[in-house]
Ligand SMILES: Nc1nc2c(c(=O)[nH]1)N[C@H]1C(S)=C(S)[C@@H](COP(=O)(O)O)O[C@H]1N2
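The data below hold one chain only, encoded as structure tokens and taken in the form predicted on its own.
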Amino acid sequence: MGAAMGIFDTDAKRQKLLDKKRQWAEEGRLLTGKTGIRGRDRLPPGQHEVKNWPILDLGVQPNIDRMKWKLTIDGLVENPVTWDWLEFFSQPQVTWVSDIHCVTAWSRYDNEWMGVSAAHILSVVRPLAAARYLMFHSQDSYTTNLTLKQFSDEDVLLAHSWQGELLPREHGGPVRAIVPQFYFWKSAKWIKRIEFIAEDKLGYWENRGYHNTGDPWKEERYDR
């Protein structure tokens, strides 16, 4: 009975969140109609700076044993790989400091990430010429899509640590994507697979009214 009630509560929470976000998209909530300039304006239009790190998810926070975690990178690539935790750590590690911008209008400056860069991942798996997009798949069934160009930005990485500490469960640990030039829903938590594809496919929020690209400086919050 307790387990059944827990599932019901999670489903109800997810549906409430979904209904709210759909309403925001329909109303164009938080839109200012302004445009910023990437590289000149640190704070994108309609955003405000926070010092904390808000926790946002779909009502489920997977509890993943790092020693059992695996990441598969496949699809349209020459060299598909599956890394476990130790193999992931054996890849070249990078540290990168970046700001993050959430579609719910908060931004947090100067986040220090450690992990494996997208550039290294691309050098290992070698996407085929037909691969123009990719999809992140998460342990909680979340998905989000990127163009290969977005993923190729120099500051994109798969992070296992934040501010010198391993990522906690609530923020996407063991490993999450960090795609800082776009709204933070593109930085999927609890990554388990990266799939390279030829044709674009909408992810979880992109299918529910969010913009397909999500550029904060163009205020691409919703598909309007």
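Quick note: we count residues from 1 along the sequence shown, nothing fancier. Because the structure is a prediction, the values reported are computed rather than measured.
Although it is not shown, the form predicted together with the named molecule is what the next lines describe.
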{"property": "Proximity of W106 to the named molecule in the predicted complex, heavy atoms at 4.5 Å", "result": "yes"}
{"property": "D140 within 4.5 Å of the named molecule in the predicted complex, heavy atoms", "result": "yes"}
{"property": "In the predicted complex, Q47 touching the named molecule (heavy atom, 4.5 Å)", "result": "no"}
{"property": "Close approach of I55 to the named molecule in the predicted complex, 4.5 Å, heavy atom", "result": "yes"}
{"property": "Candidate stretches 64-72, 168-176, 153-161, 193-201, one within 4.5 Å of the named molecule in the predicted complex by heavy atom", "result": "168-176"}
{"property": "Partner contacts in the predicted complex for 162-188 (non-hydrogen atom within 4.5 angstroms of the named molecule)", "result": "E170, H171, R176, F184, W185, S187, A188"}
